[in-house]
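In the block that follows, a single chain appears as structure tokens, in the form predicted on its own.
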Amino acid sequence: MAEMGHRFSFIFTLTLLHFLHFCSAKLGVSTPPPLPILPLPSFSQLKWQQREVIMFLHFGPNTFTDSEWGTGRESPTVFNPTALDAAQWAATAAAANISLMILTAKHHDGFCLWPSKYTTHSVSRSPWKNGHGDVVKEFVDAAAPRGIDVGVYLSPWDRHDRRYSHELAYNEYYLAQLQELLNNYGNVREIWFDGAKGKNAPNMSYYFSDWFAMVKELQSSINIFSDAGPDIRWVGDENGFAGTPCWSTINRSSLAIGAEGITQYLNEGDPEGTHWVPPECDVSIRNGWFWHKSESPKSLKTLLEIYYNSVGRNCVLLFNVPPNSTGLIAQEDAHTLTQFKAAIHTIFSSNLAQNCSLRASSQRGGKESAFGPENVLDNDHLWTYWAPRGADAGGDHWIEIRSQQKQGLRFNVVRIQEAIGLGQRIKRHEIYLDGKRIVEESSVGYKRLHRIKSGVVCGEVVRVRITEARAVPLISSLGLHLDPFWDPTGLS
């Protein structure tokens, strides 16, 4: 009898769902979106993710002493750029389609690129502009007319200031400088807390909770970067390579900023993570972070490899482009960035799936709803999406791109994007070409780029199949692209 009761209940529920769907269609009532799966990104985090590539500017005494980590004993007189032009920095960023620049306002040497009231170790004691200059102000003023947002880097480790070995005094000093930067230079979109510290540095406890609270009080829409967030996390290396999988979610309560043994966790994230803290990949366009006359920019091939392994793995790429000792970005660096932008445009400006027909395993709300497969080919990569039927991750969910041309589809890159505004969901997925599996991989997130290992392939039907997910998968965009720079026999 119990079995008959369960059967009746199942049949009744199924009949009721069909009835409600029929009534909704007849009454013109739209099917609502699926419930989000927590945690979710903030508005500021979503805007940051959509930038995809941003710029770092390492600049300071190290630029003039041919160093990477200054000792803190450098005289302010070494800082003397003869042709500093922040407008040229901003023009370089704009030409590369970069919408956010982050400046090292104070690196580990403790030298401040603005005239801080709390130290004499700053531009106020340099010969540049007879001590009346302010690099941070020129940086901010140059970015605004070009629609470029700004960020600042303020090193917690200070090798110059005597207060550094005194916990309370130094934390007060650091907090005062945070207030200067966030009160006096307009809107700051990202603030960088570097966790680096030399092995022989004095033992110091940083009051991160106090600092972060003050940052949010002064500028509530800012994103805070550190080893472990709270808004953006380090990816765990300085090569620009994220892990596979790469989740935007982590469990912040199990992490301590500066702790050892957390790099793999930061690199891959956590599908069960309780906080949305997406990864940022910081890497220099040269070997060093500061400009060195002996170095040259990396090749276009290398930069593209970095792009696929950062932006193409659900990260934002932070390219360091250091100004030289004259105060300008070297022309060879600017040219490399322009080449990089042109290459990205060449690869991704055309979606070979655009004129294809689409088919899916199912559709939430039926064929007349707003969740059809056609959404993956529109220009909204966040809020329109294909949603299959069902309230959970179960079932065989797939979406198919079918060529309308006799010659079929010729491509070597597949792009998949999730509707991350409702949470990151996909744990595993596969890609088939004419029934043959060509990709078997893990997470997706905001953007996942797959270069086909065998090189250019040709076929008629491409199917993306979701084999495991945290909740019903939501795909916001799909693309098939031809990368003429991809050589599968070279870098992989």
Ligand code: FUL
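It should be emphasised that the depicted structure is a prediction, and the values quoted were computed from it without experimental measurement. Numbering starts at 1 and follows the sequence shown.
Below: the form predicted together with beta-L-fucopyranose (FUL), not depicted.
Q: Considering only heavy atoms, tell me if Ala169 and beta-L-fucopyranose (FUL) come within 4.5 Å of each other in the predicted complex.
A: Judged by the heavy-atom cut-off of 4.5 Å, Ala169 is well away from beta-L-fucopyranose (FUL) in the predicted complex.
Q: Examine Asp134 and determine whether its closest non-hydrogen atom to beta-L-fucopyranose (FUL) in the predicted complex is within 4.5 angstroms.
A: Asp134: no contact with beta-L-fucopyranose (FUL) in the predicted complex.
Q.
Test of understanding: in the predicted complex, would Tyr265 fall inside 4.5 Å of beta-L-fucopyranose (FUL) by heavy atoms?
A. No, Tyr265 sits far enough from beta-L-fucopyranose (FUL) in the predicted complex that none of its heavy atoms falls within 4.5 Å.
Q: Give a yes or no for Ala259: in the predicted complex, does one of its heavy atoms lie within 4.5 Å of a heavy atom belonging to beta-L-fucopyranose (FUL)?
A: Flag for Ala259 set to no.
Q: Identify which of Trp289, Tyr185, Tyr173, Tyr207 has a heavy atom within 4.5 Å of beta-L-fucopyranose (FUL) in the predicted complex; exactly one of them does.
A: By the 4.5 Å heavy-atom cutoff, the listed residue in contact is Trp289.
Q. Which residue, Trp128, Tyr307, Trp211, Tyr153, has a heavy atom that falls within 4.5 Å of beta-L-fucopyranose (FUL) in the predicted complex?
A. Residue within 4.5 Å of the partner: Tyr153.
Q) Just one stretch in 33 to 41, 53 to 61, 461 to 469, 437 to 445 has heavy atoms within 4.5 Å of beta-L-fucopyranose (FUL) in the predicted complex, so which one is it? A) Of the options, only 53 to 61 has residues within 4.5 Å of the partner.
Q: Taking beta-L-fucopyranose (FUL) as it sits in the predicted complex, which residues of 103 to 133 have a non-hydrogen atom within 4.5 Å of it? Please list them.
A: Counting only heavy atoms within 4.5 Å of beta-L-fucopyranose (FUL) in the predicted complex, the contacting residues of 103 to 133 are His107, His108.
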